[in-house]
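Just the one chain here, the form predicted on its own, laid out as structure tokens.
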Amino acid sequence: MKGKNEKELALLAKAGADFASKILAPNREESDNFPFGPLFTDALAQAFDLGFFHAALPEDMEGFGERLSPLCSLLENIAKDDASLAAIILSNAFAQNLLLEAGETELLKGIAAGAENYAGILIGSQVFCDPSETPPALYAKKDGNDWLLNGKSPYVVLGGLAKRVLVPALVEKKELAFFLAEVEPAGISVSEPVFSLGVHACPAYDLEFKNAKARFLGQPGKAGEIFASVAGRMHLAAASVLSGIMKGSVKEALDYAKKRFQGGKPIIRWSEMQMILGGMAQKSRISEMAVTEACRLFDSGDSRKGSACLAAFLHCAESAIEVTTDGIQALGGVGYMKDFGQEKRFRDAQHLTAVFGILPKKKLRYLQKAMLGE
């Protein structure tokens, strides 16, 4: 096997699990208060030092290359305890892959090599919006040798946290293309963090551009193709986050059912509770298997890798909604309280099903491409 060996991959996964259980889990409720409380910047700094934001980069940039299994393993292990950091890594990996797909390898190499902190390596993007489905309200025009952006880009994930943003814009109000812009020093107004349904500590911002200088990426009219190609494989990374959320739900529900007594015995001895827990564990296990198999197909270059990535995501998305809903039921009244993690996992799962575009359109795309060959 080329590149990093299995021992290094296992160490990455273990580092993610240890970091999540020791650093993220104890502060999960406080971190989830963002934007009404502080952002977990200390955790971001430690995640940068551990190389989590480099995981999706090529090996010559200190990453794990083109294989998806290292990134998926890291995301799943982190998401078991707190999906917000996993969502940040996922969003940044998506933006990094957009640069690679646009042929900007040297640009990305310079960003990775020059990053001195998490803000330097993070890249903001509209990871929840497919530009071919929702045309941008951002326009690019040539001004001598420069490109200038004018208009608005809503819900740019990491947009107020990262040093750079990667956004789609209409060139001369006609063709769609991607642009990379520095948030500082001028030309881009950043809103207050947008309060969203889930992953509160993975912040998004509305941006307004006024003659902001930007770098043109790729070719005019190719942004839709670039987005589709990257989203196609990154659906698997998103599936691994959802799988991690499910694993966390199952573990917390089991732990609670063993400790909570009713009618003179722990509630795990009641048949109805066993049915709920059994269903949760089954759906979580099948989702894990779907992610593992899709990773194997992708990493081996199998021709079915595209459909496998999307199918794994669709399965994990629907299963995560069911498992987190049952997780709340398993905890009874306290399942709705922030003292436990199930309420957050329920919101996080719902929120993440919309990554790379809305869920129903993904189902139609799977049918059209994988089943009908259109």
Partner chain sequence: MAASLHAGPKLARGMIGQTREVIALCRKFCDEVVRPRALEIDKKLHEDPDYLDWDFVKKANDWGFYTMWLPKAMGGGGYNFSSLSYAMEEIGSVCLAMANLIGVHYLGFGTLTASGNMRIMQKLCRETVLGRKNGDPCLITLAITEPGAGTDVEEVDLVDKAKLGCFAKRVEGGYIVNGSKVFISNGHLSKWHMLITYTDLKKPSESAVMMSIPNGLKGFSFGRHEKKMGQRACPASELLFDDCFVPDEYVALDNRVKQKFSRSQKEMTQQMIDYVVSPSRAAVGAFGTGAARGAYEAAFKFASETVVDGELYVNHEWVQSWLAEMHKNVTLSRLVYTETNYANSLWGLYKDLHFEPMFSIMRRTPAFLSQKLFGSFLGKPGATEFMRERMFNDQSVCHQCRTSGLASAAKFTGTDYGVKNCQMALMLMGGAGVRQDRGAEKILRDAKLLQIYEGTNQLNRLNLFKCLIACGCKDACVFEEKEGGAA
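Here the rigid core means the biggest group of C-alpha atoms that line up within 1.5 Å when the two forms are laid on top of each other. It should be emphasised that the depicted structure is a prediction, and the values quoted were computed from it without experimental measurement. Positions refer to the first chain, counted from 1.
One more form of this protein should be noted, the form predicted together with the partner chain, which is absent from this view; the next part is about it.
- Heavy atoms of residue 206 reach within 4.5 Å of the partner chain in the predicted complex, making it an interface residue.
- When contacts are judged by a 4.5 Å heavy atom cut-off, residue 337 counts as touching the partner chain in the predicted complex.
- Among residues of the shown chain, residue 67 is not one whose heavy atoms approach the partner chain to within 4.5 Å in the predicted complex.
- The partner chain in the predicted complex comes within 4.5 Å of no heavy atom belonging to residue 189.
- Heavy atoms within 4.5 Å of the partner chain in the predicted complex are found in exactly one of 89 to 97, 260 to 268, 279 to 287, 137 to 145, that being 260 to 268.
- Residues 321, 325, 328, 329, 332, 333, 334, 336, 337, 338, 339 are the members of 316 to 339 with a non-hydrogen atom no more than 4.5 angstroms from the partner chain in the predicted complex.
- For residue 19, the Cα coordinates differ by under 2 angstroms between the shown form and the other one after the core has been superposed.
- Core-aligned CA deviation for residue 352 between the shown form and the other one: less than 2 Å.
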